[in-house]
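Okay, here we've got a single chain as structure tokens, the form predicted on its own, with questions on binding and movement later.
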């Protein structure tokens, strides 16, 4: 079996949940995977789980000014960036009328502006390589209306538009851009949210045709597919991995 040339990936928010599951699939495939987050301890624990192909690097992506030098560091250490997964994100549950300008802006900065900023810096490198794959993590909040998450919904809907615009501009230059829209996936965060709200939980199961929640590994598998040669003719798609939730009734 021929060994594939070295590939380097960045996974933001790679220390837990969906990001960790994506990083796990990447490292298992032999991709040198840089996991990025704010919490050094969380990253260290993830590294212990993921092993030799995993490289933890701390960066607070909401501090936009720090992003260019962070990407410079990555290029100095690794020489290339082949895959970027924009997974880091925050959510805030509040009644519409109670959301302050600061609340709204905080979510937009992390979920949207930081995704733009890190993508821009990575694209500069990918253009010199004339190749690359960027995967943005969207949400069901961009597929239909969800109450009490106005800033999150706005940020994820914008991610879908940005994915398409980036794909049209960058694909002729060898850079594919896609998004994954996870449905209801079992994580610590969703467990807490749904177990404290039985009505919402029932709604989730009733409108998911497959009748059960997904695993973080389902998103990992989709990301590995979109990042690789099996998806070489796919760009600009927002792929729901949701058990049919987005088309459920």
Ligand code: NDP
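Positions refer to the first chain, counted from 1. This is a predicted model, so every value here is computed, not measured.
From this point on, the text means the form predicted together with this ligand, which you will not see here.
Residue contact check for residue 18: one or more of its heavy atoms lie within 4.5 Å of this ligand in the predicted bound form. In the predicted bound form, this ligand lies within 4.5 Å of some heavy atom of residue 187. In the predicted bound form, at least one heavy atom of residue 61 sits within 4.5 Å of a heavy atom of this ligand. When contacts are judged by a 4.5 Å heavy atom cut-off, residue 89 counts as touching this ligand in the predicted bound form. Comparing 26 to 34, 47 to 55, 61 to 69, 196 to 204 against this ligand in the predicted bound form, the single stretch with non-hydrogen atoms within 4.5 angstroms of it is 61 to 69. Among the residues 118, 137, 177, 83, the one placing a heavy atom within 4.5 Å of this ligand in the predicted bound form is 137.
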